[in-house]
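First comes one chain, alone, set out as structure tokens in the form predicted alone.
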Amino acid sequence: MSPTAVHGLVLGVYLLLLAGIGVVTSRRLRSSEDFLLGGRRVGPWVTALSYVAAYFSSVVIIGGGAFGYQYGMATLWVGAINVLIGCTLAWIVLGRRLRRFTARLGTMTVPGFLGERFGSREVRIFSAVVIALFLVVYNVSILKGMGHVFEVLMGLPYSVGVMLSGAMIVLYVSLGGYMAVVWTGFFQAWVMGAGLILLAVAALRAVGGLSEATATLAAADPGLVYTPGIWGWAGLISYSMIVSFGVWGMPQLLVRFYSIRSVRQLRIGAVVATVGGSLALLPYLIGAVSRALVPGLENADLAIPVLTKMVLSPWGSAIFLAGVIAAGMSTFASVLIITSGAVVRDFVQKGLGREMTEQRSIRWSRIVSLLVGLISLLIALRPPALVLVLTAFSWSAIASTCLWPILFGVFSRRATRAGVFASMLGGLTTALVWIGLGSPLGVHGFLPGIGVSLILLLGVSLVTRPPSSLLIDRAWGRAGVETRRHFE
């Protein structure tokens, strides 16, 4: 059997499984809460592993490999910080509070939480628009990564790979909603992990071991081995913070905390997410090793696909292909759910005041998922930059808008609606202007964006009227013992 036939067989079986999950889960949809959150009844293992799959996806596999290829072993610090801040601390610090607050407020989306928590329609609408717009950019980076894998491993045109990937995701998301997303993400995390471990072992064996790879890289450029290396401290810290701390403001990941069955199960989820998230170190390592084996690539995003074709058998590369597609699909699917929720529930229903029945809301959520997927596909056919560059751009915009409002929303009683809106507007503007100026001093727009956002939130909140006691009591759950028990 030819390598192309092997890849086609493995991928075909895998895609049929995903489509089946979409069909099965579609039969369980009864309300918009089912479509957006799975009815808040998802278990810890499924929640945690789908979180890992949505977090790292093809963006980290392909984009992290590209950065490892360009900047060497120092990029391993990015993966390590991903695990510590983006997985462990996010679950411990944010998980419990977000689960309780969103249940008390009856919210299903990040814009919904911010709007209800601060009693502000403008905060809800603004955050919904920012999330919908910049998650489309993030979708493009995901599709770009999957397109390159199809291009190298199966010999398909890049455009065909992008369209195949996107079409399948749009199909099962529009059918099954959030439950389709988390259950496919659960399976995809296992496939992604197996593929990464397989490739890492094969790559190290091909290069003669880690010591030999390090020596080869050091001979080419010592900066490829030592920290911070040719990246420099500014670049290393900036990107580490974007893809780690930025997670705390990313709605497609935070929604996992909304949907888990109970607060107590977050402890199990934190452990599972940390162990699973440790796989994030592998793409950076594999990317650095690939430079020792395949120097001189013009497009660093092709480093992982080219290495896969070189060191794995057709069956092995087929497993890895399925892993990359799995990772990308999980994230893309999560983004579609979040975007449809932001548009339909937060912008149309709550922002514009358009009433909808539950079934009509589900129908429009499916339509919006389809439209957002198609728009992302069209842009991804001619992507403007490297995978991780696109990711950093979209994440910095969304996190600069949402990060501090979310944190202050669950930790502070003094933050005001005016302070939050000023924080969102100022943070987003600063991040975009900084990036437009070419990231002066080598610092990405994320850091000045969240810096200005924090200053404005604190400053404006201090000089504006505190929120009403009714709003605070509702958010903090001062409704009696029975209410508190419900969230345990």
Partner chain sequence: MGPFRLPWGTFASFLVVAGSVLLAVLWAVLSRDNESHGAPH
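Positions refer to the first chain, counted from 1. Rigid core here is just the name for the largest C-alpha set that superposes within 1.5 Å across the two forms. Being a predicted model, the structure only gives us computed values, none of them experimental.
Keep in mind that the form predicted in complex with the partner chain is not shown, yet the notes after this line are about it.
J.: Quick check for you: of 335-343, 222-230, 295-303, 153-161, which stretch puts a non-hydrogen atom within 4.5 Å of the partner chain in the predicted complex?
T.: The contacting stretch is 222-230.
J.: Taking the partner chain in the predicted complex, would I125, Y138 and R354 all count as contacting it (heavy atom within 4.5 Å)?
T.: Looking in the predicted complex, the three residues I125, Y138 and R354 all stay beyond 4.5 Å of the partner chain (heavy atoms).
J.: Just one of V410, A132, V207, A80 has a heavy atom within 4.5 Å of the partner chain in the predicted complex. Which one?
T.: Of the candidates V410, A132, V207, A80, A80 is the one lying within 4.5 Å of the partner chain in the predicted complex.
J.: Taking the partner chain in the predicted complex as the reference, which of R363, R414, R264, R121 has a non-hydrogen atom within 4.5 Å?
T.: Going through each option in turn, the one that passes is R264.
J.: So in the predicted complex, does any heavy atom of K350 sit within 4.5 Å of the partner chain?
T.: Flag for K350 set to no.
J.: How about S211 - does it come within 4.5 Å of the partner chain in the predicted complex, if we only consider non-hydrogen atoms?
T.: Because a heavy atom of S211 falls inside 4.5 Å of the partner chain in the predicted complex, the answer is yes.
J.: Wondering, does T216 line up within 4.5 Å of the partner chain in the predicted complex on heavy atoms?
T.: The answer is no: T216 has no heavy atom within 4.5 Å of the partner chain.
J.: Does I92 make contact with the partner chain in the predicted complex, using a 4.5 Å heavy atom cut-off?
T.: I92 belongs to the contact set for the partner chain.
J.: If you apply a 4.5 angstroms heavy atom cut-off, which residues in 424-461 are near the partner chain in the predicted complex?
T.: Residues within 4.5 Å: none.
J.: For a quick test of reading the superposition: does G72 move by 2 Å or more at the CA between the shown form and the other one, rigid core aligned?
T.: The answer is yes, as the C-alpha of G72 shifts between the shown form and the other one by 2 Å or more after core alignment.
J.: When the rigid core is used for the superposition, does V289 move between the shown form and the other one (threshold: C-alpha shift of 2 Å or more)?
T.: Yes; V289 is a residue whose C-alpha shifts (by 2 Å or more) between the shown form and the other one when the cores are overlaid.
J.: Using a superposition on the rigid core, decide whether the Cα position of G316 changes by 2 angstroms or more between the shown form and the other one.
T.: It does not, since the G316 C-alpha is displaced less than 2 Å between the shown form and the other one after the core fit.
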